[in-house]
Every structure is written in structure tokens, then in C-alpha cells.
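Below you will find one chain, with nothing else, as C-alpha cells; this is the form predicted alone, and questions on how it binds or moves follow later.
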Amino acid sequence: MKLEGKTIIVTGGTSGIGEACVRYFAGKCGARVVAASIQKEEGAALQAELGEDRVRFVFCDVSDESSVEAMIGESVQAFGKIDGVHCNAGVWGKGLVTDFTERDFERLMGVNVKGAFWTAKHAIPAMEKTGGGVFLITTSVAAQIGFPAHALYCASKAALEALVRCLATDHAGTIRSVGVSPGTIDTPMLAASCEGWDAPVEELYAQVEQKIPVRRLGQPLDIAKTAAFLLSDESEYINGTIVTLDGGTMALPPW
């Protein structure tokens, strides 16, 4: 997909899906990209590798509104405008509702939900000043599936899907709001979710691959390619909806 001449912000842009998107948007699609993240070393290395004329790292803690506001300001200062945002920063947490503390709740909801909310609050006005743009959120099939011991994570992702729809209606005519919902993707977060299991990660992955109809794990590049399409003018009639990328997992019967 062509993103030439466009400036795209990617939050959580230094690892996993976010890093793949930064590399693909800048390297293959011709975009200028702001990689926003709390990972300073990784961000500096990514900017140095891809060139600061194409990629800028901006430190941002998305759970902190003032940090998000500053990041949006730095992005406009660096590239002059914002045409699209890929709101991708997220954290994972496992447990029953009876296991979580208020601190756990604030951490996960702070990044996953507040992060998207604050980013929308400050990015949308900046995009509207220059004619509008696209606000893309990474959700998850966890919004649709009751994964065991994932109540808080699933709830956070369901909230994001509702936010996609509300932004599409509240900012109709200027902002196109869309979501991308990954299934099982080979990322550091997936590896972390396998900790504590009896089998090695490689063995667990092999088992999962045989259950997915396409017979492989998703890769971050799979998400990057679809995200680029959703951020491009080629998808201008896609709005207020979620694109699921799960290799067919959601189509499986429950037996």
C-alpha cells in the first residue's frame, strides 16, 4: 500500500507488531513514521537504522496524558502534520478477576484503554486541523473470546472495539476510525504468555500452529500489511469496523 507523503504515528512502535509496522510503513510504503514508545534504546536504534528523515523515535508513556500530548506536539514539529495514527501500544496480564489488584487494573487498563483514549484525544484535533486522517487501533480476538484467566485483558480489548465505533461516528467526515484484530501472532508478548507452561515455547507453538486453519502462527508483518492498507486511501470506505487477522481461528467449531 502507498503511504507516500503521509506521516503516521505508531505507538508501541519499537517491539513486536509496532516495530514491524514502523519498518513496513517507512521502508515499503514511503511514509514518514513516528515510533512512539517507552523503550528509549530500541527507539534510538530504530531511528538510526532507518534514518531520522524517515523515522523519528519519540518517548511516550501512553498511560500518561501529558506524555501523549507532548508526543503529538513533537510529531507535528518533526514532520509538519499527522495523517494517521496506529494506536498499538499494549500490555498483557493473566489472572482471574479475583486475582487482580487495583494496581494491576490501573496498569493494564492504563496502557490498553487510557492509552488509546488519550492518543485519540490529542491526535484527532491535530489531524482535523490539516484535513483529517485515519485512527487505527490494534484490538485482539480476545475482545470476542472468553480466554481462561484473561478477564482483564479481554475486557480492555473489548473496550477498544467500542472506541473504534464511537470515534467513527463522533468524528464523521474528518476521521476514519478502524481496528485490526490479531489472533495468535509470533511476538514477545506471545512468548511471555507461554511462561509457566510444562512444554517449551517451540513445542507449544507447534501445537498451536496445527490448530490454526492456515497452519501457522501469524507474523507481525501480516498485521503491518493490513494496517498499511487501512491507513491508506485505498481503504477509504472502511470505517467504524474491525478487520480480524487470525488465520481462521474464529471460524473453528468449539469441539
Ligand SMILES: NC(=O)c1ccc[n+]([C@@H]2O[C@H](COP(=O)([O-])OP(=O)(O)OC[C@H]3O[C@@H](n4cnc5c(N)ncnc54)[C@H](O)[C@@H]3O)[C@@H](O)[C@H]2O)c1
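Here the structure is a predicted model, which means the values were calculated and not measured. In this text, residue numbers run from 1 along the sequence as written.
This next part talks about the form predicted together with the ligand, which is not shown.
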Within 4.5 Å of the ligand in the predicted complex, do we find a heavy atom from each of T7, R56 and S232? no
- Message: My question is simply whether T184 lines the interface with the ligand in the predicted complex - judged by any non-hydrogen atom within 4.5 Å.
- Response: yes
query = With a 4.5 Å heavy atom cut-off, would you call A224 a contact of the ligand in the predicted complex?
reply = no
### Message
Does any part of Q39 reach within 4.5 Å of the ligand in the predicted complex? Heavy atoms only, please.
### Response
yes
With heavy atoms only and a cut-off of 4.5 Å, decide whether W118 touches the ligand in the predicted complex.
-> no
As a check of understanding, the residue in A155, V91, V76, I124 with any heavy atom within 4.5 Å of the ligand in the predicted complex should be identified as V91
Answer among 137 to 145, 162 to 170, 77 to 85, 94 to 102 for heavy atoms within 4.5 Å of the ligand in the predicted complex: the stretch 137 to 145
Within 42 to 61, the residues having any heavy atom within 4.5 Å of the ligand in the predicted complex are C60, D61
